[in-house]
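So this first bit is one chain, no partners, the form predicted alone, shown in structure tokens.
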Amino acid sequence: MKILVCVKQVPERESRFRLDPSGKGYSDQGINFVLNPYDEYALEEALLIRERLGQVEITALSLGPARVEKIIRRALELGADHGAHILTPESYYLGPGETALQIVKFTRERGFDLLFFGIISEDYMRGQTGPMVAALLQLPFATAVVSETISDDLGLITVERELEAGAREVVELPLPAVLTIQSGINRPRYPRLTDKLRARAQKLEVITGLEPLPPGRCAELLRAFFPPPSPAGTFITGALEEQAEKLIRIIREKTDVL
């Protein structure tokens, strides 16, 4: 069995963001980039399948500029067998449709039985790339997967999906298939020293030619900006009775509730 896990490099949430000169994104300066936390669950699920079945080959794939090599090697440290990097120019924006197109180009004739994605990326949080890949490849897919079981003949996968309001759905898909993995399905592991040493020396497959885009872009990034600051809050001090009176007065002044 061959599993492709698509991973993404995202900025740490504690980073200090600044708009780039184009006004269409953030500057990379001073940003620490990490492996998308949601993709860690997808990779861990692939590793668990390999531990159950034995003969499973896992490829970690990512798109982006040269700095993306760091998170591909992180996936190798965690246990992926191979790493592949679709190299893009610096500060080159790829929407989910265009990203899906590049992934589809990579998967052609490689015979993957399963394609795993994290349910969303922590930066844009769209959750669109996985389903778009499935649509372009005309493969069955399931999103927000919280458990999976592969049949003994490796022909079917039964998954449980998380729906709205706490509901669950169980579906059976023929392989090959595409899954987006929900956080909490497992507990991602820490890398072993031997895997760290292997990942440091392992050669990555680098793909430099991007798939030509069809006429008309799926999405175009027009502008990026910080939201306006929220109004300053009001702190109410004094004894409890005084605080209650002040609060009632503020509510009367600003609303028609009282």
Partner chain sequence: MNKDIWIIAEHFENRVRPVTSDLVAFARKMGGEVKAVILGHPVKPLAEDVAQKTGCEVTGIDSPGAAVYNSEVYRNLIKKLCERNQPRYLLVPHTPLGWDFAPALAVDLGYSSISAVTDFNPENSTFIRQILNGKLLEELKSPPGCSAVVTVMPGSANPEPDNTRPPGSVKILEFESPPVKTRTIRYLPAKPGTVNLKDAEVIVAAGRGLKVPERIELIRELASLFKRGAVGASRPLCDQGWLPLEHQVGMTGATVSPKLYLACGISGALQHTMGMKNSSLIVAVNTDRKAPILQVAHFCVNTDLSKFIPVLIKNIRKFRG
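Positions refer to the first chain, counted from 1. Only a predicted model underlies this, so the values are computations on that prediction, with no experimental measurement involved. For clarity, a rigid core is taken as the largest C-alpha set superposing within 1.5 Å between two forms.
The next section is about a form of this same protein that is not shown, the form predicted together with its partner chain.
Checked against its partner chain in the predicted bound form, the candidates Leu78, Ile103, Leu114, Ala142 yield a single residue with a heavy atom inside 4.5 Å, and that residue is Ala142. Mapping the unseen interface onto this chain, Asp152 falls outside it, with no heavy atom inside 4.5 Å of its partner chain in the predicted bound form.
Taking the partner from elsewhere, Glu164 is found to have a heavy atom lying within 4.5 Å of its partner chain in the predicted bound form. Within 4.5 Å of some heavy atom of its partner chain in the predicted bound form lies at least one heavy atom of Arg223. At the 4.5 Å threshold, heavy atoms of Gly54 stay clear of its partner chain in the predicted bound form, well away from it. Heavy atoms within 4.5 Å of its partner chain in the predicted bound form are found in one stretch of 156 to 164, 69 to 77, 106 to 114, 82 to 90, which is 156 to 164. Shown without its partner, the chain has Tyr26, Tyr41 in segment 22 to 43 as residues with a non-hydrogen atom within 4.5 angstroms of its partner chain in the predicted bound form. Taking the rigid core as fixed, one finds a CA shift for Ile250 of 2 Å or more between the shown form and the other one. Shown in the overlay between the shown form and the other one, fitted on the rigid core, is a CA shift at Gly23 smaller than 2 Å.
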